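The chain below stands alone and is given in structure tokens; this is the form predicted alone.
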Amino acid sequence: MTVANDISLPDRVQSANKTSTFPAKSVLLGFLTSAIVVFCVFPFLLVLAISFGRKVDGAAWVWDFTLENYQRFFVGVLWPQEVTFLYLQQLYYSFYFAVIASLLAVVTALPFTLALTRLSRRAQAIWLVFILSSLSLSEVFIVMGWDILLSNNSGLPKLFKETGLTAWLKEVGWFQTLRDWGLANPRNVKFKTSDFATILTMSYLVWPYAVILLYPALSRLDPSLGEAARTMGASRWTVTRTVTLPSIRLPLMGTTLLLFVFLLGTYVSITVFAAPNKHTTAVAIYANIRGANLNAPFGATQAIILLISASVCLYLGHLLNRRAEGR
């Protein structure tokens, strides 16, 4: 009998440990679930409920259940007498700027990150610390710097004029091309306001994120694969196209999607560098909630539609990733 008790003692200790850790795991799981509900689900449901509210002329807004705000977003406020697509146009420019800026950031960050992985460990650490420290800069600070750099009176246009580059562009006939692209006026080049300045600033804003996200995948690449392809006569571009890019296809797609979703909510860059007729949904949301319009229900409607659009894009990207993994 004593032997039986001695043999079962470890089992008893193990069962006691399991019993003691079970409440701790339950408490942790309940805390995490509560945090997600409070900080994610509840705000979304609140914004969704506000989007069905109704604006009172000359006053604030009241709780209601109406689809007028969604109808206004898709066909305009004058429907059915007149159909306008102003808010759909703002959603289009949200996607337009976010797609191009995210692609530009990834395309420029890829060769830099690839070269970074070829450096010594010490040099890599220094560069990564520098890039991580740049993430502490706010969007307002970055946009202010680009605003000064692209200013007509103190930035690059002034430099173009003083150094004679503007006169040279006129002589060779390229100045008219810049005017056609909206990057020049009759007297000098200009970058404000323009799509070029907007996309450049937004791309610079997320460029450090692109490097940080691409670095783990690129650091795991085997350099011997590219060297073997080069010894067999493949050019550098062929090695990049047939060896490097297929190996990091999924990280590239994931990074682009994350940057795209991040840039959908960009506000300061759009208000400073984009033309008023090309403002995005994020700017319109602020104008309705905190700006001159003071129409919180319609601002909530725009936020819900922007969130749904971003979710659809993420889902499509997930499907593409799964298809790529299947191959």
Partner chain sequence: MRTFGTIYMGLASLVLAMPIVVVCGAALNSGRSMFFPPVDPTFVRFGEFFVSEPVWTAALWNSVIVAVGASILAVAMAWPIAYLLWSTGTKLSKTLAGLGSLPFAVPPIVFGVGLGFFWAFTGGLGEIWAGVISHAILLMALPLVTISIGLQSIDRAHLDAAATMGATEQVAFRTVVLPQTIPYTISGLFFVLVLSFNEFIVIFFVSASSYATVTLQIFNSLRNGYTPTMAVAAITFLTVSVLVFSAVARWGDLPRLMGADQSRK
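Positions refer to the first chain, counted from 1. In this text, rigid core is short for the largest set of C-alphas that superpose within 1.5 Å between two forms. In this text, all values refer to a predicted model and were calculated from it rather than measured experimentally.
Keep in mind that the form predicted together with its partner chain is not shown, yet the notes after this line are about it.
Visitor: Candidate spot F73, R187 and L259, all three in 4.5 Å heavy atom range of its partner chain in the predicted bound form?
Guide: Not a single residue of the candidate spot has a heavy atom within 4.5 Å of its partner chain in the predicted bound form.
Visitor: So which of L67, V27, A35, V56 gets a non-hydrogen atom within 4.5 Å of its partner chain in the predicted bound form?
Guide: For this set of options, the contacting one is A35.
Visitor: Select from the listed residues L103, L149, L165, L250 the one whose heavy atoms reach within 4.5 Å of its partner chain in the predicted bound form.
Guide: It is L149 that has a heavy atom within 4.5 Å of the partner.
Visitor: Whether R118 contacts its partner chain in the predicted bound form should be assessed with a 4.5 Å heavy atom distance threshold; does it?
Guide: Looking in the predicted bound form, residue contacts with its partner chain include R118, since a heavy atom lies within 4.5 Å.
Visitor: Would you classify V77 as touching its partner chain in the predicted bound form, given a 4.5 Å non-hydrogen atom cut-off?
Guide: No, V77 is distant from the partner.
Visitor: Indicate whether its partner chain has at least one heavy atom within 4.5 Å of a heavy atom of Q81 in the predicted bound form.
Guide: No, Q81 sits far enough from its partner chain in the predicted bound form that none of its heavy atoms falls within 4.5 Å.
Visitor: Looking at the partner-bound form in the predicted bound form, is A228 within 4.5 Å of its partner chain by any heavy atom?
Guide: No.
Visitor: Of 134-142, 165-173, 94-102, 178-186, which is the one stretch near its partner chain in the predicted bound form, taking non-hydrogen atoms within 4.5 angstroms as near?
Guide: Comparing against its partner chain in the predicted bound form, the contact stretch is 134-142.
Visitor: For the stretch 39-56, which residues lie within 4.5 Å of its partner chain in the predicted bound form by non-hydrogen atom distance?
Guide: Heavy-atom contacts within 4.5 Å come from F39, C40, V41, F42, P43, F44, L46, V47, I50.
Visitor: Rigid core aligned, does the Cα position of T33 differ by 2 Å or more between this form and the one not shown?
Guide: After core superposition, the C-alpha of T33 moves 2 Å or more between this form and the one not shown.
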